[in-house]
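Single chain ahead, by itself, as structure tokens, in the form predicted alone.
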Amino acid sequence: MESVVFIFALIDCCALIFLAVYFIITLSDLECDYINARSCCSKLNKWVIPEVIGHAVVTVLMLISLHWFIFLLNLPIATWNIYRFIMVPSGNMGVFDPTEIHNRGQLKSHMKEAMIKLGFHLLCFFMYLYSMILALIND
């Protein structure tokens, strides 16, 4: 059963890595003026909810399967994702808003956040891979 948990976590982590890379590429395109702010934000906002759900599912799965270290490692990022989604000001298009993305360095902060998430998910990928192999050997 433990190996199934880590196989699912590994697949979910791969999806989150691809999502983080997509966020970086899209924000980079906006920074270089290859796309306009409205299309960039609509593309990114479409993937905010799946990112929140994907990360929350893995976090809850680690809690249920009693992997405390991995749960505590995932908890701050999952909490940040949920907080960021809930605290969207009224009137904004979503987490990424075209009228505010160029103001006050939000583009740079979104890019930095996407890079941090990419690094975190890469770390988690290798941790899940190691744990999966260990669980398969022990079964």
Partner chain sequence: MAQPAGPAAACRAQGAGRQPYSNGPVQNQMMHSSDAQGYNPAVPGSYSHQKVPPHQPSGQYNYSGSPNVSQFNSYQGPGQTLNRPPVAPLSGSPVQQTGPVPQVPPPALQNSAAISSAGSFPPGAGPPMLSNWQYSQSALSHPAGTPTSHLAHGMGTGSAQPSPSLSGNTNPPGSYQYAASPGGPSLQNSYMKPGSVPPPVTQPLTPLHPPRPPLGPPPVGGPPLIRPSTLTAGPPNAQPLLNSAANQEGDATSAASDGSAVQNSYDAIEGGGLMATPHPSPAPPNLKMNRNVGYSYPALPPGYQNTSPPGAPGMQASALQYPDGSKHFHQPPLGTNHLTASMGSLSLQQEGLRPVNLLQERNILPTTILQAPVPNLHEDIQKLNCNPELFRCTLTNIPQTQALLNKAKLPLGLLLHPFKDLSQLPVVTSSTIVRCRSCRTYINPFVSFLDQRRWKCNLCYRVNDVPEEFMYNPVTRVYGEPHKRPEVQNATIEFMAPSEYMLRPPQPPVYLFVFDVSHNAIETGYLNTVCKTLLDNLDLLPGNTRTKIGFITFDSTIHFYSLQEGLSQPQMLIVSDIEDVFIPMPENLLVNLNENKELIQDLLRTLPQMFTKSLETQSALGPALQAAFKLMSPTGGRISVFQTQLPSVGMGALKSREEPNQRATAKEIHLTPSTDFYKKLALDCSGQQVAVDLFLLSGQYSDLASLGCISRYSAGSVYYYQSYHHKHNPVQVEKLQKELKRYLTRKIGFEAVMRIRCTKGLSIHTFHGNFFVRSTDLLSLPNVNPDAGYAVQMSVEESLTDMQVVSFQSALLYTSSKGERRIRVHTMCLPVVTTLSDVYAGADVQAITGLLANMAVDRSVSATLSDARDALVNAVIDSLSAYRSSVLSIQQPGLMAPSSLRLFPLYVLALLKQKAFQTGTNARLDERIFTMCQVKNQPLVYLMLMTHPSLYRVDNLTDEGALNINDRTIPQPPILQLSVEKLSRDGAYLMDAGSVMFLWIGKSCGQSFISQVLGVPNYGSIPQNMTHLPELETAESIRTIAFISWLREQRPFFPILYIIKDDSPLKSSFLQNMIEDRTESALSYYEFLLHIQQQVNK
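As the structure is a prediction and not an experimental result, all values here were calculated from the model. Residue numbers count along the first chain shown, from 1.
The protein also exists as the form predicted in complex with the partner chain; that form is not presented, and the subsequent description refers to it.
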{"property": "Lys46: touches the partner chain in the model of the complex, heavy atom cutoff 4.5 angstroms", "result": "no"}
{"property": "Distance check, Pro98 to the partner chain in the model of the complex, heavy atom within 4.5 Å", "result": "yes"}
{"property": "Partner proximity in the model of the complex: Asn103 to the partner chain, non-hydrogen atom cutoff 4.5 Å", "result": "yes"}
{"property": "Residue contact check: Glu31 to the partner chain in the model of the complex, 4.5 Å heavy atom", "result": "yes"}
{"property": "Stretch in contact in the model of the complex with the partner chain, which is absent here, among 56-64, 69-77, 89-97, 109-117 (heavy atoms within 4.5 Å)", "result": "89-97"}
